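A lone chain, given as structure tokens: the form predicted on its own.
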């Protein structure tokens, strides 16, 4: 497209547009520059949420409403450019969920894929399709589409995790379904840790047949993932844009762990300054360890443990680590790559 200018609206054209509007028609030439853009264009904005500021609101919510009454006691992280839409990026939803000691978040299921990334607390649990897993900080937990799941906290401390879901994608396709379970908690029919033992040791049962597109592992413990980063860091092979960045995978095919969302864990060593990069997948970052700052679309954001920040689609990003930093992130890259949309561009330092 050679120009951003729209064709002139003459009196004859305006009269014509008015007449065809009665039959629910619009001339493409009048809107083409708005719907087929030279670069990604949305209201999504770079933003950072400081966990220390958000936590008191979560605890106050815990005094105002129970997990049972709320079904999911969550404070939605709304992108400042997308307020009122329950979106953290154009295609993704995120929120902070609180389960207090002794509480149960009732069992239900839905067609949306969900991830949990644990920020605070230990030994609360999630049960997915009859298997219970204990949750600890840094654990990445999956709820596949239409899988029964409930959460409970048998510990003596609050449990907080980041929820990430593909709600906007399902809404776009008008494909959302949800239903409650017949009881508050589903029965547990598998031993704790069964899925990790069965599928997470670089082996598969001899008669394994894939069902669904999500990983059969639903808890990727942080201790394992952090150890992988630690050992690989000794090799001193740093990507100029990402430091040392690993993606969580589905053992059945080596693809992303979830069909619509891609998840990553990266290590930025102390003093690391990345080369600028940009990609079409708007990304949600959550700091696990360390302190640093990131420049996104020309604005600097200083972050520390448990803080959450957003890099919108096709905006330049670069990171600086004040000390060794570990960052979890998720985006819609899994869906974009399947559809052939994803693109990345890098600059040299």
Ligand code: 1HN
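Positions refer to the first chain, counted from 1. These numbers were taken from a predicted model, which means no experiment stands behind them.
As for the form predicted in complex with this ligand, it is not shown, yet the points below apply to it.
With the partner removed from view, the residue among 116, 242, 132, 87 that has a non-hydrogen atom within 4.5 Å of this ligand in the model of the complex turns out to be 116. Taking 108, 157, 190, 252 one by one, only a single residue has any non-hydrogen atom within 4.5 Å of this ligand in the model of the complex, and it is 108. At a distance threshold of 4.5 angstroms between non-hydrogen atoms, residue 149 is in contact with this ligand in the model of the complex. Residue contact check for residue 72: one or more of its heavy atoms lie within 4.5 Å of this ligand in the model of the complex.
A residue is said to contact a partner when one of its heavy atoms sits within 4.5 Å of a partner heavy atom; residue 265 fails this definition for this ligand in the model of the complex, lying far away.
The shortest heavy atom separation between residue 97 and this ligand in the model of the complex is within 4.5 Å.
The stretch among 222-230, 266-274, 163-171, 204-212 whose residues place heavy atoms within 4.5 Å of this ligand in the model of the complex is 163-171.
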